[in-house]
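Let's start with one chain on its own, the form predicted alone, as structure tokens.
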């Protein structure tokens, strides 16, 4: 994997932990480019000399202030193609160690999941898949807020539906409330409607997410924190560490000591523990179940990030990495009109309805086409199209087109002879695109940015179509084996990339 070797060589010379490798403009010489000399104030000539010692590098030269352009050797292309074609499914796999717990979706069980929840799930699950590809042991967890005021409102809303009364002004409405009420009609009310309705809706959530290709290793219920007195124990631990104080009858956590904008209430003057106290207990509990943690939350939770980070630091957990990834919600558009989403009023399009309309492939790919911190406009009409204007169709068609080529050649990728691998300049651009995959995968994980994979796959698809439309493959004589090996590599990388996004790679379209 030449790009990773080059990055390691650059890091050794410059001392940088985060070396960025890109591509020079088409008008300039070189296959790869880095600004590492400028960032690290390293002599570009020294960096060029070190790079030219690599067998994968034919030449390295300065290209403007602090930039170095790198030209690969012909042997680098041949060896990279052999590496990919030998086992496309393992290409880019890493040997990183450690465990990562990814918490995602974690929606209150008070209504069906909507498209915004789907975006969080797609981001979290794709990151989990990518981390696993690099070697981490990955756990997926769903945290359920199944206690408190919102659950009481749900129970009261169900009771009103059963009794034919109007729900409270701040209660829940919609057809789903009627559906839950019908399911619970005739059941005992001794245990209350809240918990029973919550469990029913939670089951809906997990079923929809399964159809969205997301499964969980664990479901953690907030009620468990109370049952095991975990919140009380957590608060007492903070008090014992002199991290709390009393003010106006309430108990406060000194979170401003640890980077928060203000101190936070753990126990109200009424004696009730806050949601924040429960969140602290939950994070303390899950800190024992992995070594690194990723919380995928909606942008409306931005205020919780500094307080949770403060608790994490105050509890002595700073050596364990906690990343809180906030994603912007989704503007769903149908026929050019924005669709309203309001859980309590019941005026929303569910995630299941979107899956029914466009399918899991398009839904997941579209939700991953933008950075998590950027708003996402989901165009239902575009997602349904069966042509190259639809990004996911365009990528999947590349895979199907290659499968068709192998069918016409009456060959399978596993039958190809690696000894016949002898790429020429016409193959180099496509091999270079494939060779970017291992580096790109690490970038997605390290930056917690799976959207880079959708961009990359579209670039690979474009490079493939350009190559295939200008170069004969079947019937190209002595070049056929090399070109089939190249197509095998493209097929494998696209298949792997789509799998990491939770999208299928069809053989026919």
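Since the model is a prediction, treat every value here as computed from it, not as a measurement. Numbering follows the first chain given and starts at 1. For the two forms, the rigid core is made up of the largest set of C-alpha atoms that agree within 1.5 Å on superposition.
What follows is about the form predicted in complex with the RNA, which we do not show.
Enquirer: Which one of 269, 166, 215, 412 is close to the RNA in the predicted bound form, taking close to mean a heavy atom within 4.5 Å?
Expert: In short, 269.
Enquirer: Go through 296, 351, 180, 376 and name the one with a heavy atom inside 4.5 Å of the RNA in the predicted bound form.
Expert: For this set of options, the contacting one is 376.
Enquirer: Could you tell me which of 84-92, 388-396, 135-143, 312-320 sits within 4.5 Å of the RNA in the predicted bound form, going by non-hydrogen atoms?
Expert: Of the options, only 388-396 has residues within 4.5 Å of the partner.
Enquirer: Does any part of residue 71 reach within 4.5 Å of the RNA in the predicted bound form? Heavy atoms only, please.
Expert: No.
Enquirer: If we define contact as a non-hydrogen atom of the residue within 4.5 angstroms of the partner, is residue 275 a contact of the RNA in the predicted bound form?
Expert: Residue 275: contacts the RNA in the predicted bound form.
Enquirer: Taking 4.5 angstroms as the cut-off for heavy atoms, does residue 25 touch the RNA in the predicted bound form?
Expert: Result yes; residue 25 sits at the interface with the RNA in the predicted bound form.
Enquirer: Under a 4.5 Å heavy atom criterion, is residue 370 part of the interface with the RNA in the predicted bound form?
Expert: Yes, residue 370 is a contact residue.
Enquirer: Using a 4.5 Å cut-off on heavy atoms, what residues in 291-314 are near the RNA in the predicted bound form?
Expert: Contacts from 291-314: 299, 300, 302, 303, 304.
Enquirer: Taking the rigid core as reference, does the Cα of residue 39 move 2 Å or more between the shown form and the other one?
Expert: Yes, because once the rigid core is superposed, the C-alpha of residue 39 moves 2 Å or more between the shown form and the other one.
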